[in-house]
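In the block that follows, a single chain appears as structure tokens, in the form predicted alone.
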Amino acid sequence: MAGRIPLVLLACGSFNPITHQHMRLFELARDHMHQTGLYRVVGGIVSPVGDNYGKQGLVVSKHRLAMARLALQSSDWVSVDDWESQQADWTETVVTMRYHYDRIAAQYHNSKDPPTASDVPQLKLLCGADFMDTFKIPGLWRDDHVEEVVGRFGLVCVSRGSLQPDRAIHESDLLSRHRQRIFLVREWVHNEISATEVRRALRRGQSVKYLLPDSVIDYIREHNLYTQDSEMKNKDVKLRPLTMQTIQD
């Protein structure tokens, strides 16, 4: 793959808990980007959201980080990063992307042999098709942030089930303007694992074997996570991005 553009894939989200589907996104995206003939994927990053995000049922980040690390023990190219989850307040996706891009660039510039511009990896946001619909939610995204995430960095979006990310692009003038920076990946082996449904099964005492790695299931049992009580956490709480927008407006 000599001469190809090095690329790092960054996935942000709750990972509450991490599932096999989350991990499959990385493998599917890497294959697709290699098949373009343009890119060489050199790394992947899982970045769990901070506790102040305000999503109902969100367990504390130390558990979500631990489960993600257990799940990815067998990966030789995807790692878990705690920077986003350790911030004092919820961090916008674009801020997390800036941090990781600067960190990656610094690592290459501090290497023994000074790199050329083409040696420093690009960074793209990896997401599922449902993520595209978040751009439509009033007050959730600032237009300038969408512009930077898509226009400066780029998206790699993996379709799931009946969701149609291409429709979200078509219906948005901003996304359509950067269509060439959005890579759509089709998952032909249908995988409908949902963290929401996993949590529902867990609090009902039902089996989630083969939906999550065994190590993650053992961790959940050991720490008694995803109970009826934990699902009530942040109930009726407004998501932090929405309250931040209100303050800024």
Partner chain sequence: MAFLRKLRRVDYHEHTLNTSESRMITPETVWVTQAYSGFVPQHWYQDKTAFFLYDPCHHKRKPEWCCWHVGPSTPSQTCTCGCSSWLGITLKTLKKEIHTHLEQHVTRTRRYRVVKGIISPVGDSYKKKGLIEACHRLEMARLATLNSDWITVDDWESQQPEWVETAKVVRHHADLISSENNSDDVDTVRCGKRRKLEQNTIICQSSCNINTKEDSPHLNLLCGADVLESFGVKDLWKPEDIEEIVGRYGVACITRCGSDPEKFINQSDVLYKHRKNIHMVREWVTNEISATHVRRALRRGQSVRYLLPDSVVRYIQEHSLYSVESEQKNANAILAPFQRYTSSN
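Positions refer to the first chain, counted from 1. Remember, it's a predicted structure, so these values are computed and weren't measured experimentally.
Another form exists, predicted in complex with the partner chain; not displayed. Remarks below refer to it.
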Exercise. Which among 49-57, 36-44, 188-196, 62-70 is in contact with the partner chain in the predicted complex, heavy atoms within 4.5 angstroms?
Worked result: 188-196
Exercise. Could you tell me if K209 has a non-hydrogen atom within 4.5 Å of the partner chain in the predicted complex?
Worked result: yes
For this session: Consider K233 of the chain shown here, and say whether it contacts the partner chain in the predicted complex, taking contact as heavy atoms within 4.5 Å.
Result: no
For this session: Using the partner position in the predicted complex, report whether M23 sits within 4.5 Å of the partner chain, counting heavy atoms only.
Result: yes
Exercise. For S74, is any heavy atom within 4.5 Å of the partner chain in the predicted complex, or not?
Worked result: yes
Problem set entry | Site check D81, D144 and E148: each within 4.5 Å of the partner chain in the predicted complex by heavy atom | no
For this session: Go through 27-66 residue by residue and record those having a heavy atom within 4.5 Å of the partner chain in the predicted complex; state none if no residue qualifies.
Result: E27, D31, Q35
